[in-house]
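Shown next as structure tokens: one chain only, the form predicted on its own.
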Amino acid sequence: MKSSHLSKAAQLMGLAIYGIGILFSSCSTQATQAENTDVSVRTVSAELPVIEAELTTPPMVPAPITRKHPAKVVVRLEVTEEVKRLADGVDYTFWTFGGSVPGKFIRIRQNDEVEFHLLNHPDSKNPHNIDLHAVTGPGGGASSTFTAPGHETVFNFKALNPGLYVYHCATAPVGMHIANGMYGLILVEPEEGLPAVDKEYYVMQGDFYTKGKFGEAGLQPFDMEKALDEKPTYVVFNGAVGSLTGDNAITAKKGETVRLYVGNGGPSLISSFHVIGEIFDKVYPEGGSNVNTNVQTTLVPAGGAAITEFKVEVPGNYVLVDHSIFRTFNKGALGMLKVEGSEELAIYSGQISDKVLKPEGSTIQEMPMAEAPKAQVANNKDMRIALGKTVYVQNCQACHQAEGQGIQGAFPPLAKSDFLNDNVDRAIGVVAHGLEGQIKVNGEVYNSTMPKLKLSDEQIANVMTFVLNNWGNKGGEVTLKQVSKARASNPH
């Protein structure tokens, strides 16, 4: 047997041994619980007030805790296995805590006593459990929560340490359960509470391993070979490409302070979390009590978390990224924070000058791809629009923005664009061949470079149809014949 195969076999054996150990421990614990179920629940202090935990779906966060005393907090979290969107046209069977990826956000207070209920929906095909990194005890709760479909398990723990912690499934094969979306965050607030901020959001990165290539349509199965090689097809925030863009973008107003609870479910990659155009005033690395200030990018390990805080002084769109940057623009790890308010020209002026430095020798940049990826064939205009949205998010959104508004002085708008609407064939040619030099769009001059994208005729027709039918443009459908004609009349 080849050494690489031996290595993969060893990894699989390791996963199985770890899972079997938890299973045996779980079975032993469950036998005890079966005899003493009432006793185990009553170990929580009887004199504490009882509170049913508020659980929220990402990117939302439960309200800050204002009480000044510990409580008995009852957490009920249900596991479901369900088909959901991974990208436009791409579905995946996610295994979830609470119906979302990442799972529901849990917020408790230091020294709270937690009665944790894990429910596994009867329609599930697999047993599951939960390992909460906030728990002091065997398996972080995994040994007490091995839960078959249609069952409910209960255990108690005391929140001894404040911080922001990951939770995840630890049933064998552990990596597969995590890779299918079984992770989330639990915040244990310190006794004195956290400093007040204006906005709080929940952002968690994860890597997904599908049989098909990025963007390949249909219901995609999990690929163990890619997972073992740690070569994900998708790297995304909050479980899907575009989960934090467009109408799903998080928001703030100029002058507000934003706190992001950032997690990384992995299972494999480390995240280099960064917000383009902002500096983190504070970072709580590893989700702990230490504070770093004036941070540009912070590392979030697989199975780890960080808290970032920053004040937004300038309005505009701020892009959330994994600064291992190909993951952002080619695998999906991109989000958006939209900040409203009046301009602050003393802090950020926008472009005030644009001069030709060296006009000779300019050339069209070309994206370094060996060949255009295969595109799903659209059968009608509506399908072309849907597929075009995926192409737009993957290739165009970073420059032209989620609503096609562009970036003033840098990248021209596609929304209500006279350049586009007056001559669609010309615009198709720009996508096919790239563009260098000045153009005027909606009365404003732009002199940036549009790279030549390695897109198939089908993808160009799709993305152009998507753009034409959004943001106040004139509508219509771009055909493969139009694209072929534009490609043949290459002016360069």
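Numbering starts at 1 and follows the sequence shown. Each form is matched to the other, and the largest set of C-alpha atoms that superpose within 1.5 Å is called the rigid core. These numbers were taken from a predicted model, which means no experiment stands behind them.
One more form of this protein, predicted together with a small molecule, exists but is not displayed; see below.
The three marked residues, 410, 449 and 463, each reach the small molecule in the model of the complex, with a heavy atom inside 4.5 Å.
Heavy atoms within 4.5 Å of the small molecule in the model of the complex belong, among the stretches 122 to 130, 77 to 85, 163 to 171, 395 to 403, to residues of 395 to 403.
Interface residue remark: residue 417 is counted as part of the site for the small molecule in the model of the complex, having a heavy atom within 4.5 Å. Interface membership of residue 64, defined by any non-hydrogen atom within 4.5 Å of the small molecule in the model of the complex, is ruled out. A residue is said to contact a partner when one of its heavy atoms sits within 4.5 Å of a partner heavy atom; residue 436 meets this definition for the small molecule in the model of the complex.
At a distance threshold of 4.5 angstroms between non-hydrogen atoms, residue 55 is out of contact with the small molecule in the model of the complex. Superposed on the core, the two forms differ at residue 400: its CA moves 2 Å or more between the shown form and the other one. Core-aligned CA deviation for residue 56 between the shown form and the other one: less than 2 Å.
Comparing the forms between the shown form and the other one on their rigid core, the Cα displacement of residue 426 reaches 2 Å or more.
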